[in-house]
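The chain that follows stands alone, in the form predicted on its own, written as C-alpha cells.
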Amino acid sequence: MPQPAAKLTFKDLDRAKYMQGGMIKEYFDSLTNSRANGTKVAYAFVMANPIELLKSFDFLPLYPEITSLNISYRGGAPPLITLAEEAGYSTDACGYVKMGVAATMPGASTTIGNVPGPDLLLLSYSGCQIYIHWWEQFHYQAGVPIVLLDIPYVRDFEGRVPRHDIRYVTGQLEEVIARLEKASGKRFDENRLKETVRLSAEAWDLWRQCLEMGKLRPTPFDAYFESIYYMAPITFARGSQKCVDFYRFLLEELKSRAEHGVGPTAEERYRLVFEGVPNYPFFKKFWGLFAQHNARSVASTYPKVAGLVDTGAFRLNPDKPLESLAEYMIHAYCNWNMPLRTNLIEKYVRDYKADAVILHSIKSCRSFSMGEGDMREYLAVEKGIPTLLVESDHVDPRYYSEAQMKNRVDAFFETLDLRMGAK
C-alpha cells in the first residue's frame, strides 16, 4: 500500500535563501577579481538604474548601497563609519554615504573583501539630493567621469507619467549610450540590449508573482524580512538568465510552502504591512521582535525601491527598450510623491487584508523617512488602521536600542491583540 508523502517543513522549503547567498558571494567575488580580469566597474544606485544598458557594454555594476548593507549585516559598519567621521563627515550624514566612501579609502578593511574603485560613475539623480554629493566624492577620489541621468518625480496623484517625462529620460539614455561607447571601447548593440531587457521583464514578472503570494492566508513568506534576501538578484543580476531561474525557483518554493501550510513563523497571528528600510546591523534581532508574536509581513514598500513591480505601474518592453527603461526608472518607489506612497500602503492593507502597519523610520535616509510621521497620523487617525512608528538606522548600530525597541513593539501587539479580540 503506497505511503502518503511526508509533509515538508519550513527548513525543507527555505532553499532560495541559500541560493541567493551563493549568488551574492559570486557577485562579490566578481567585483574582487574585476581588476585582474580586466572587467570595467560602473558604480550605480539601486534606485532608477539602467543596469540593462550597462550590461550591454560589459560593465559590472557595483552598488555602494548593497556593499554597505552587506558590510553592516556582517557587523563591519562601526570602523568604516568612524573612518568617515574622522575624515570630516557629520554624524548626521547618510550612513550609506559614509560607509560607501570609507570602503574605498586607502587602508580600509571590510567584511566582504576588497571593494574596487569605479571606472565610471553612473548617477541616476532620483529620490535624494545626497546622491549628487556622494558621487562627487567618488569622483574626487577616483578621478573618473560622472554620467548624469536626471529622473523626474512622479508628480501626478494617480501615478500617471506624462509622455514628455518618458521622452526626457529616453533622450538622456541615448546620450549615455555615446558615453558608454567611449568608456568601454565597444559599439552599442541594440539587439543585445533588447535581449537583456527581455530577461529583466521575465524576472520582474516572476518576482511580482512571488510578492503577490502575500495575499494568501496564511502567507507562505514574510514580504519584508524575507524579501530583503529575495530582492537582491533583481538588483545586481537583472538582465541575466540566472536571475530568471532564481525567481522561477523561488516562486515554486513559495507555492510548495503554501501547499504544505508552512511559513517563517509557527503560525500567522498578525498580518502586517511594512514601510521603510530594515535595520541591518541587528537584522535578525529586529525580525525576531515581530516573529515572536507570530506576525508576518504580507506586503512592504522596501522591495519596491528598485521598481514598483507589483502595482501595475510599468512593464519592461524589449521592443522599446530605452522607452520602457525610462518609465521603469521614473517609477522607483522613492520617486513617488507622498500621497501616492501613503495610498499604496493603504491599498496594501486593503488588498492583503492586513491587521496593522509598521513604519520603520531611519535616521539617515530622508528619502524614506520624510513624511512618515504624517503617514502614521493619516493611517491611524483618518483611516483607523493600527500603526506603529519606530526609529533606528539602516547601517549605524549606535541608533538602535534593543530594549527600547522591544518595549515599543510588545506594547503595540498588546494593544493590537485587545483591538482584534474586541472585533
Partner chain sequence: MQGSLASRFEEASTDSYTTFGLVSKWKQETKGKAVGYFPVYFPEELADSMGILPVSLQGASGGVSLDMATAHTQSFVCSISRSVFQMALQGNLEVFDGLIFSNICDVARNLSGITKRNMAKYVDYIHFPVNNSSSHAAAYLRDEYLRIGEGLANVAGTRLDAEKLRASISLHNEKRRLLRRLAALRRERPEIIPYAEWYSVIRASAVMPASEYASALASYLDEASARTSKSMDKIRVAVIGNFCEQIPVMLMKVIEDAGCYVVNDEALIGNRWLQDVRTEGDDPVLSLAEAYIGNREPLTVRFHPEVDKQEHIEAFVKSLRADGVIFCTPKFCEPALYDYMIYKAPLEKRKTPYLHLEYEESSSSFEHVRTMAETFAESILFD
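Since this is a predicted model, take the numbers as computed values, not measurements. Residue numbers count along the first chain shown, from 1.
As for the form predicted together with the partner chain, it is not shown, yet the points below apply to it.
The partner is not drawn, yet in the predicted bound form one stretch among 90 to 98, 248 to 256, 315 to 323, 197 to 205 has residues with heavy atoms inside 4.5 Å of the partner chain: 90 to 98. Contact check for residue 172: a heavy atom falls within 4.5 Å of the partner chain in the predicted bound form. The shortest heavy atom separation between residue 339 and the partner chain in the predicted bound form is within 4.5 Å. When the partner chain is considered in the predicted bound form, residue 363 lines it closely, a heavy atom lying within 4.5 Å. In the predicted bound form, at least one heavy atom of residue 152 sits within 4.5 Å of the partner chain.
With the partner omitted here, the residue from 76, 263, 159, 127 that has a non-hydrogen atom within 4.5 angstroms of the partner chain in the predicted bound form is 127. Out of the listed residues 346, 165, 119, 268, 165 is the one that sits within 4.5 Å of the partner chain in the predicted bound form by at least one heavy atom.
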